[in-house]
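This document opens with one chain alone, in structure tokens, the form predicted on its own.
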Amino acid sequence: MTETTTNWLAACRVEDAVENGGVCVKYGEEQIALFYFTRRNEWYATQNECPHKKQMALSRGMIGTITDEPKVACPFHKMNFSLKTGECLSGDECAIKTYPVKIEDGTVYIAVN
């Protein structure tokens, strides 16, 4: 059995997050979109790259819900992705990577490997 070590990236302080929106967090060569869904009091992290035209834009997308599923819409293509699973909710056969998020002592952490 192989154990994987989870590294927790300190992304920002809770009070510095954008309410009901997203920001881009750099981790090495990766760009991670971090979302604070204030209306639901929930945090999500996904890849920042939209899979359609490979643009780093999801952190600037609009968040909301589709039948109570939290989602982000790409600001360029309007494709909707689940913030929980990364599944494309617009019917396409693509998905985005999601990352676990936790809050400890007022700091937002993203799980990266």
Partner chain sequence: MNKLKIIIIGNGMVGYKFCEKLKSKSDSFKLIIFGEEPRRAYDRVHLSEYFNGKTAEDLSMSTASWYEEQEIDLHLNNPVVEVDRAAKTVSTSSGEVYRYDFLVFATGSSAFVPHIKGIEKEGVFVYRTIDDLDLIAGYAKNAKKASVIGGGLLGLEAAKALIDLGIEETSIIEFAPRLMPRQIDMAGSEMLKSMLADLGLQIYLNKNTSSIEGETNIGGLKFSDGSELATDILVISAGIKPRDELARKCGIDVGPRGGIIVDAEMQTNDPCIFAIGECALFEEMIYGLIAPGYEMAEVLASNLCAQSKSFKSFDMSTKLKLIGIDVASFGDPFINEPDCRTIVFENKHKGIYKRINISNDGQYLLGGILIGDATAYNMLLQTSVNQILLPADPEELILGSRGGEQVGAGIESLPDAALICSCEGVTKGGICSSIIDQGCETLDDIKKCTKAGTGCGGCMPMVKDLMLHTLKAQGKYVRNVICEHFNYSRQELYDLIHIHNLKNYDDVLNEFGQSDGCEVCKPLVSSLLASLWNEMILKKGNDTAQDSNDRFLANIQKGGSYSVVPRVPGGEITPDKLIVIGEVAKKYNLYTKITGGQRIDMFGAHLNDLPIIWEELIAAGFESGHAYGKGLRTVKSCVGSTWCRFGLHDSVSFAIRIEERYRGIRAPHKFKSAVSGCIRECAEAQSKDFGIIATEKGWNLYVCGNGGSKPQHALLLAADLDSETCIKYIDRFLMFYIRTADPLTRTATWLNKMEGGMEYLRNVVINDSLGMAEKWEAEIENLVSTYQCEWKEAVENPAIRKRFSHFVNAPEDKDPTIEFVEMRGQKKTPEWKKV
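In this text the structure is predicted, and so the values were computed from the model without any measurement. Numbering follows the first chain given and starts at 1.
Another form, the form predicted in complex with its partner chain, is not on view; read the next lines as being about it.
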{"property": "Partner contact for Val101 in the predicted complex: its partner chain, 4.5 angstroms, heavy atom", "result": "no"}
{"property": "Proximity of Ser59 to its partner chain in the predicted complex, heavy atoms at 4.5 Å", "result": "yes"}
{"property": "4.5 Å heavy atom contact, Lys84 to its partner chain in the predicted complex", "result": "no"}
{"property": "is_contact(Thr46, its partner chain) in the predicted complex, heavy atom dist at most 4.5 Å", "result": "no"}
{"property": "Sequence-ordered residues of 20 to 59 touching its partner chain in the predicted complex, heavy atom within 4.5 Å", "result": "Asn20, Gly21, Gly22, Val23, Cys24, Val25, Lys26, Gln31, Phe37, Arg39, Arg40, Asn48, Pro51, His52, Lys53, Lys54, Gln55, Met56, Ser59"}
